[in-house]
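Taking the form predicted alone, here's one chain by itself in structure tokens.
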Amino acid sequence: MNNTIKQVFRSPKFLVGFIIFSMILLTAVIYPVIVRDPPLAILGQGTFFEPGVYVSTFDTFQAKRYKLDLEDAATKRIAARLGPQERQDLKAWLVTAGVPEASIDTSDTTALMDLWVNTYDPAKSEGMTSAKRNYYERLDLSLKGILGTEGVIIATTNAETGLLEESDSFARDDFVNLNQIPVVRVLPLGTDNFGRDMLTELIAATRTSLLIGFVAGIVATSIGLILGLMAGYIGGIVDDFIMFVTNLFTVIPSFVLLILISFSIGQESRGAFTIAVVIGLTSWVWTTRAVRAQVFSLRNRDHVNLSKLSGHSIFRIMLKDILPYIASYVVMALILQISSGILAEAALSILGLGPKTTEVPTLGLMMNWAMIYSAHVTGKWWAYIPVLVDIALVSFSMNLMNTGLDQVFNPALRE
């Protein structure tokens, strides 16, 4: 046994897959202990906040201010204001105004702004639609505001006179120390369409999807193992009946059957555990056929015949004399069933037939929400790319482990 384990962990493919899967599993277990925020708690009053560090604007008013003379501050502010679309719009206007297109570098913020300041004239926007002229005027006004040197005045209404009075002001060179801001929230993956922390939700969804995969894998492998052992060893009418049922389930696509069962259960009854069991009950067919083929090759071995002559029961022979010889194959089948269970849940949830949405998030549900709210169309990559990467890493790691085990236990595949 020890020698077998050593051989398994000497397999590069298994080791890489095991490390990746262990990191994912540990993150899913440890992160909720450190960060106790509810995964479905709504933080942002809006949709799809970009990844970043968020600080309270109100608290910055109260924080101590420092004077910093940063030469590139204005350039950075403009670069942050000018997105790819705005830069192309500026270029389009400049070309219309007669500036050679070859002399316009949209990636050089300073040169682009110099060219714009020296060239822009509202009178040169003749021929454009009214909406387009107004757009360029607003953009020019916004850029002038960034380029200006004056500060910002904060005014409040006097309770007695009803007039606005200056209560505070901010200069361009005023800065605050982020460490002195009491309310800071880091959102490495931003928020989703409901304003929920994507990272916390992703970790919780990974944990739930892994649980679904494990339950589905155990159910499917257990059914397949029991039926395969009985069909392969007992044979006869038992084998004919089991293979009839197996062939019947083979003809009907398992995913179609999974959709029909999930739909018939109803939204209110579809919990994560229920979906996992349903996936397991529709995924045992190929395991049964594979185990049956393995048992067929073992049932006439000498040690099995000796057990028969000794009067041992069928149950004992299957458990003691056959199962240990196919244990490695069963483990590999379990790994594949777990991976298939996770992918099946993701596909089912994308169709809107996954677990109850108000209970726990899953990787499939997160993909479903991202698609419904058009994250892939509007460029909100953080709403679906991390989910896709997570699903890919889980499947990739488990398939690597399975390939490594296959090379260890199947000498014909060893290099």
Partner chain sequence: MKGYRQYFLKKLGWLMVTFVFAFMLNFILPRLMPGDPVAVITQKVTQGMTSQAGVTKIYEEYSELFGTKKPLLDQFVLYITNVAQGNFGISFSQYPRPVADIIGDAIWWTIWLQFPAILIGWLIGNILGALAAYLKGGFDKVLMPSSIFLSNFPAFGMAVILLVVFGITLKWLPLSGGYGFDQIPNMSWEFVWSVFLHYQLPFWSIVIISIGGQAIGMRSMAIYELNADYVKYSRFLGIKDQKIIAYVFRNAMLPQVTGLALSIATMVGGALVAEIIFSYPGLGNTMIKAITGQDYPLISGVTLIVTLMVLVANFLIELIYGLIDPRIKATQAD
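Positions refer to the first chain, counted from 1. Worth saying up front: this structure is predicted, and the values here are computed from it rather than measured.
Heads up, the form predicted together with the partner chain isn't pictured, but that's what we're talking about next.
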Counting any heavy atom within 4.5 Å as contact, can you tell me which stretch out of 56-64, 365-373, 23-31, 36-44 lines the partner chain in the model of the complex? 365-373
Close approach of residue 290 to the partner chain in the model of the complex, 4.5 Å, heavy atom: no
Contact between residue 261 and the partner chain in the model of the complex at 4.5 Å, heavy atoms? yes
Does residue 68 reach the partner chain in the model of the complex if we count a contact as any heavy atom within 4.5 Å? no
Answer yes if any heavy atom of residue 51 is within 4.5 Å of a heavy atom of the partner chain in the model of the complex; otherwise answer no. no
Residue (of 163, 237, 131, 251) lying close to the partner chain in the model of the complex, criterion heavy atoms within 4.5 Å: 251
Verify the flagged residues 109, 111 and 170 against the partner chain in the model of the complex: is each one within 4.5 Å by a non-hydrogen atom? no
Partner contacts for 370-394, taking the partner chain in the model of the complex and a 4.5 Å heavy atom cut-off: 371, 376, 377, 384, 388, 391, 392
